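As structure tokens, one chain now follows by itself in the form predicted alone.
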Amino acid sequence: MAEDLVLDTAIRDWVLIPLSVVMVLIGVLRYFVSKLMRSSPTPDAKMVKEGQVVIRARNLKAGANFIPPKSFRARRFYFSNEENGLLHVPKDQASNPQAQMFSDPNMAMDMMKKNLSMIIPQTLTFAWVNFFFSGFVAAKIPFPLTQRFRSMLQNGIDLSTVDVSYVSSRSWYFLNLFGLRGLFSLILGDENAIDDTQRMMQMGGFGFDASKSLSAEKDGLDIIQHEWALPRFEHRAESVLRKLVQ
């Protein structure tokens, strides 16, 4: 049977609160340090042009039914013909984002700075928590949990008799590490509050893949079924007027 523990208030004052405050301050400091280390990249004219072509193709698909069939077919041919269409990408000219990253030293340097700004603070903070706060039972969750949560909430405590709802100091560090996005969105703004889960996912990203986007928009234009909406406007207006008169 799991034992009920009485948590000392000194643990709250000297472990729980300082650990939470330090994690918030480190997250804010890391954001400003990464902002200072971030370089302003020079926009690539080819990439900007391809991005604008993708936007124009999406606008054509969104408003296809509001132009005559002949105009739509002409625009679709202009975008997706196999000879010189804007969305057609020859196989020998398909861009490889991974190769582009390794060929551009600025892009590789920016990615290395981003990874270092995440890895170094996490390593130092974990070493600090593991040295000073290891072995403490810091908090208790006010609802029961199953045994599957024991490894996540009681990291660093090897006691099977302790109830699963108790949280160790090391687990509290990980909960703060991956769960402070809402607080950072209030402090830094929604567009600047990127939590560590998203940062880890972005470590493997290589940017905008223009060839895949162009091919996807070309396939979307090829399969779209055009139905001109203008001939039905009179019937819609007539039905609306009839409802108003009645």
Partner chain sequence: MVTKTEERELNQLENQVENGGGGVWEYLCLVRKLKVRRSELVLKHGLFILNDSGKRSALGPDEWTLYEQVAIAAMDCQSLAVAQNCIKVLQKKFPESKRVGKLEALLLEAKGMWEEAEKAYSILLEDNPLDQVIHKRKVAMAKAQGKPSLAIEHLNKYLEVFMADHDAWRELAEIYVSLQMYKQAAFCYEELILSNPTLPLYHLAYAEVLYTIGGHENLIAARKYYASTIDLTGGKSTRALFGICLCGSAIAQLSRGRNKEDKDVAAPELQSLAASALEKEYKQKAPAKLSLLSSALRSMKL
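Residue numbers count along the first chain shown, from 1. By rigid core we mean the largest C-alpha set that fits within 1.5 Å across both forms. For clarity, every value in this text was computed on a predicted model and none was experimentally measured.
Separately, the form predicted in complex with the partner chain exists; it is not shown, and the next lines address it.
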Completion exercise
Checked Glu238, Asp222, Asp13, Glu227 for heavy atoms within 4.5 Å of the partner chain in the predicted bound form; positive is Glu238
Problem - Close approach of Ser71 to the partner chain in the predicted bound form, 4.5 Å, heavy atom - result: yes
Exercise for the section: Report whether the minimum heavy atom distance between Leu29 and the partner chain in the predicted bound form is within 4.5 Å. Expected result: no
Problem - Gly182 within 4.5 Å of the partner chain in the predicted bound form, heavy atoms - result: no
Exercise for the section: Using a 4.5 Å heavy atom cut-off, state whether Gly63 contacts the partner chain in the predicted bound form. Expected result: yes
Completion exercise
Counting only non-hydrogen atoms, the one stretch of 160-168, 110-118, 71-79, 130-138 within 4.5 angstroms of the partner chain in the predicted bound form is 71-79
Fill in the blank from the handout: Restricting to 127-159, the residues within 4.5 Å of the partner chain in the predicted bound form through any heavy atom are none
Exercise for the section: Indicate whether Tyr166 shows a C-alpha shift of 2 Å or more between this form and the one not shown, with the rigid core used for the fit. Expected result: no
Exercise for the section: Indicate whether Phe66 shows a C-alpha shift of 2 Å or more between this form and the one not shown, with the rigid core used for the fit. Expected result: yes
Handout entry: Residue shift check between this form and the one not shown, rigid core fit, Val53 Cα at least 2 Å
Key = yes
